[in-house]
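Taking the form predicted on its own, here's one chain by itself in structure tokens.
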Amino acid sequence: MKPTWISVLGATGSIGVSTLDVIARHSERYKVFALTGHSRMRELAEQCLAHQPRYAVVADQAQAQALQARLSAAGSLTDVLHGAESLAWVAAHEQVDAVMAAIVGAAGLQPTMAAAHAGKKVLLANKEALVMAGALLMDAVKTSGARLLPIDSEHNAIFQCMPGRYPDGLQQVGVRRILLTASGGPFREFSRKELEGVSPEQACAHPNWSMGQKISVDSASMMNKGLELIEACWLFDARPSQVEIVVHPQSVVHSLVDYADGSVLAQMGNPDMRTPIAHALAWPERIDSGVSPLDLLSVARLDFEAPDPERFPCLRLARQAAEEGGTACAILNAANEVAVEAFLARRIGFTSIPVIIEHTLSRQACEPVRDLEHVLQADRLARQHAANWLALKD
């Protein structure tokens, strides 16, 4: 079998690490073309020595020189590149078959777009690419013949429960609703008063999943679920009203699809990202992911409840942005990234995150998306509005 060559964007993050774990279990089937990292240079060096990619990409020249020296001293033949152009280059290279798009935040948009334009198999873990520029990314996928496979456990679950003809339209294939599950995060049972005093450490202590800081805070505020709602609309050509969010604390049912005949299909499994990663890597086949079998007798119960939009206003803001469309979602995402960064730096309290987002949305007009530069311009302006709010608070 001819090996599949893969570029892993965001290799040192939790998704990147899990991806490399699955790849290592099938070394005869998958080869690493490139690994990229932003700040964890020691981890990236270890990954390069273990997987021997042809290229590594880092943020700047100083990082590149230091990493190159370390790898060369160890006898590695990996070439180290740097900068945004190099990220796009390893995503679109003619030898690359598949790209794991796992760079967190807006920084992952351009290399993901490059992979889509180049017709690659895009394993999408960077939800912000669809949130910011959904129309542009889906157009690029359609025009180039790329294959877009979702890695988020919820969207991967929906994909597995959908009929093969779902691109024809949900109504045409008998789909009534998409039920997007949420763990509820660490503050599911907190009162509004209790939420005012929570710390970054508490927000990052997710009860079920191991994730990076930014995604953990998004889960705690439930903005992660709001962004996933927007993502689901683009992936499955759904209206926001067709996507319902259901809190499921056990994180065993990863999402469900409700059909017109009353059938509801669910995808279940242990909360381990190697399952959707392995599914997308091998699709339409199945391979071992290293995830242990689900023991339903041990789980014993499955609970479901409605989310509280009063305690978690980020859900309301995300749904409003999804309904408005255009640049509203890019504005929402940018303001959230600024707010989360400020919370992690202890500049603001947890409940100020949605305040900053709502302020930014109110200050910036939503416009129909014209092109990628227009999206990036909206992103930059939104970050400035959010930064101005922070400056006035300081």
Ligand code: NDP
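All values derive from a computational prediction rather than experimental measurement. Each residue number is its position in the shown sequence, starting from 1.
Absent from the display: the form predicted together with the ligand. The rest refers to it.
K.L.:
Answer with yes or no whether residue 347 is in contact with the ligand in the predicted complex, where contact means some heavy atom within 4.5 Å.
P.N.:
No - in the predicted complex, heavy atoms of residue 347 and the ligand never come within 4.5 Å of each other.
K.L.:
Any of the heavy atoms of residue 247 lying within 4.5 Å of the ligand in the predicted complex?
P.N.:
No.
K.L.:
Give a yes or no for residue 39: in the predicted complex, does one of its heavy atoms lie within 4.5 Å of a heavy atom belonging to the ligand?
P.N.:
Yes, contact at 4.5 Å.
K.L.:
Using 4.5 Å between non-hydrogen atoms, is residue 221 touching the ligand in the predicted complex?
P.N.:
Residue 221: no, not in contact with the ligand in the predicted complex.
K.L.:
Based on heavy atom distances of at most 4.5 Å to the ligand in the predicted complex, which listed stretch, 254 to 262, 280 to 288, 95 to 103, 189 to 197, is the contact stretch?
P.N.:
Flagged stretch: 95 to 103.
K.L.:
Could you check which residue among 212, 119, 307, 174 gets a heavy atom within 4.5 Å of the ligand in the predicted complex?
P.N.:
Residue within 4.5 Å of the partner: 212.
K.L.:
Using a 4.5 Å heavy atom cut-off, which residue among 88, 238, 204, 107 comes into contact with the ligand in the predicted complex?
P.N.:
Filtering the options by heavy-atom distance leaves 107.
K.L.:
Residue by residue through 1 to 25, tell me which have a non-hydrogen atom within 4.5 angstroms of the ligand in the predicted complex.
P.N.:
Heavy-atom contacts to the ligand in the predicted complex: 10, 11, 12, 13, 14, 15.
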